[in-house]
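As structure tokens, one chain now follows by itself in the form predicted on its own.
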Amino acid sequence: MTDIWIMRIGHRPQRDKRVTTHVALSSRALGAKGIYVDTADNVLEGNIKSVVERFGGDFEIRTGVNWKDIIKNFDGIVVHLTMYGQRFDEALEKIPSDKNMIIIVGAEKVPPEVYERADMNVSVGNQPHSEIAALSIFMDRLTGGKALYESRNGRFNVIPNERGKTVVEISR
């Protein structure tokens, strides 16, 4: 798989700040290159950039983008996560591994043109659920979980252990 981008449509800063933050953090942890958010949100940008500065990686965030332009001009496959799409276990088999991908995740009702423009409308289950969960399951299966424990050369590194919290500051 080459670059994976996330497009968050319908972000409402006062209502969705935690959910969109978690969409971005999950995207980063699971190997996405970056996230586009259609609504300008400097606080969200600052929070995610701070995580990248501390924990490393080259994850990007851009808010206040025109989602129609991004999707229209995207060079790769467009996947829309929706509970009304085709089963993701069947869709995964059809996704080419040599193309960039943008995954659309809605916050509020997604406009019909998203369904029309997407190369694939994909469901992770057919029950109401969180977009964070759907994105995480989809990306984990898509990438085989490869990014979960890879080093990103950050200032801090979390050391997995059975009990307690171990965070090591890397001296440079």
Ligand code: SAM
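Start at 1 and count along the sequence shown; that's the residue number. Just so it is clear, the structure is predicted and the values come from calculations on it, not from any experiment.
Another form exists, predicted in complex with this ligand; not displayed. Remarks below refer to it.
- Mapping the unseen interface onto this chain, residue 131 counts among the residues with a heavy atom inside 4.5 Å of this ligand in the predicted bound form.
- This ligand is not drawn, but in the predicted bound form it has a heavy atom within 4.5 Å of residue 81.
- Contact annotation: residue 118 falls outside 4.5 Å of this ligand in the predicted bound form, judged by heavy atom distances.
- Taking the partner from elsewhere, residue 54 is found to have every heavy atom lying beyond 4.5 Å of this ligand in the predicted bound form.
- Using a 4.5 angstroms heavy atom cutoff to this ligand in the predicted bound form, all of 106, 109 and 124 count as contacting.
- Exactly one of the stretches 26 to 34, 41 to 49, 57 to 65, 109 to 117 approaches this ligand in the predicted bound form with heavy atoms within 4.5 Å, and it is 109 to 117.
- In the predicted bound form, no residue of 28 to 53 lies within 4.5 Å of this ligand by any heavy atom.
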